[in-house]
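The chain below stands alone and is given as structure tokens, in the form predicted on its own.
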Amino acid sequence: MIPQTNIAPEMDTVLSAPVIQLKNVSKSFGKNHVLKDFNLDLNKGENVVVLGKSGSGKSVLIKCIIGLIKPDSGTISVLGKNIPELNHTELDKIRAKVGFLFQSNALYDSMTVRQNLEFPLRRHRAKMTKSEIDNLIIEALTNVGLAHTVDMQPSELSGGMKKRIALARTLILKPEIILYDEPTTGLDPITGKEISNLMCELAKKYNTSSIIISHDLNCVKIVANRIVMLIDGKCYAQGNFESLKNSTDKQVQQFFQ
């Protein structure tokens, strides 16, 4: 039985269908059972953090959601489409509506900041004019406070700046959903807090829904409307930060000590 608690008080009651819904998702690699009948709903406008130990299956989960890994069983619905059943063309259409922020940022070192942000536009918005592309690039960079870096190389940027540029590239297609893979890993506490606050500001501005994979409790406390505990491949517990922090369950307590 999953302990249920109320999500963060600032979330309104959601009546529409979840934008992401996982039902009884299982995935094994040989004898390693990573996900076992895992269930998760993401509602419109919600930030859900998936919290778990290293190697617990968090990254596998997020790769299943975007169709990079196919689950052994269960259903994964993203914006009403069952991901495991989609072909490559159908997956591309869904992925254009789902932004993904990589843990490593995944910026192209040989490209300028401008060219890095152009890349998803060239792929998914081929009919856009140069002027339209330039306007979106400046808007995206302004959103993260780095408009002045447009012609710089990634090698000229600090770790925090690279993360902001990666976030700008994620947002440039105006996705409905954003998936974050350890967004503050490798950043100092102050920069990590800045990135976490920026994630919240941009989620509010663009009304995005997000799943955040993280073990950084400072980030989790700032961004999470709801936390899902991934333990032994299952959704072991869920609730807001304070309710889980004050839980007497030893499996839950270990994450807050």
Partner chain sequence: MKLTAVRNFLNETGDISRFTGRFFAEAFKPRYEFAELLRQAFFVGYKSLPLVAVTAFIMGLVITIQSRPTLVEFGAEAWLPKMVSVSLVREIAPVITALICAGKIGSGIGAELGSMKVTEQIDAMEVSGTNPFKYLVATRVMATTLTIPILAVLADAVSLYGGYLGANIHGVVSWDLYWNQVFDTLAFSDVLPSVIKTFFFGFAIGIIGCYKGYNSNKGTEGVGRSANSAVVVSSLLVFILDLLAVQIIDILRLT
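Positions refer to the first chain, counted from 1. Values in this document were obtained by computation on a predicted structure and should not be read as measured data.
One more form of this protein should be noted, the form predicted in complex with the partner chain, which is absent from this view; the next part is about it.
The candidate spot formed by K36, K58 and I213 is out of contact with the partner chain in the predicted bound form: none of the three has a heavy atom within 4.5 Å. The stretch among 182 to 190, 87 to 95, 132 to 140, 72 to 80 whose residues place heavy atoms within 4.5 Å of the partner chain in the predicted bound form is 87 to 95. The closest non-hydrogen atom of A147 lies beyond 4.5 Å of the partner chain in the predicted bound form. The closest heavy atom approach of M111 to the partner chain in the predicted bound form falls within 4.5 Å.
Among residues of the shown chain, A166 is not one whose heavy atoms approach the partner chain to within 4.5 Å in the predicted bound form. Using a 4.5 Å cutoff between non-hydrogen atoms, K44 does not count as a contact of the partner chain in the predicted bound form. Looking at 62 to 82, the residues that come within 4.5 Å of the partner chain in the predicted bound form, counting any heavy atom, are K63, I66, L68.
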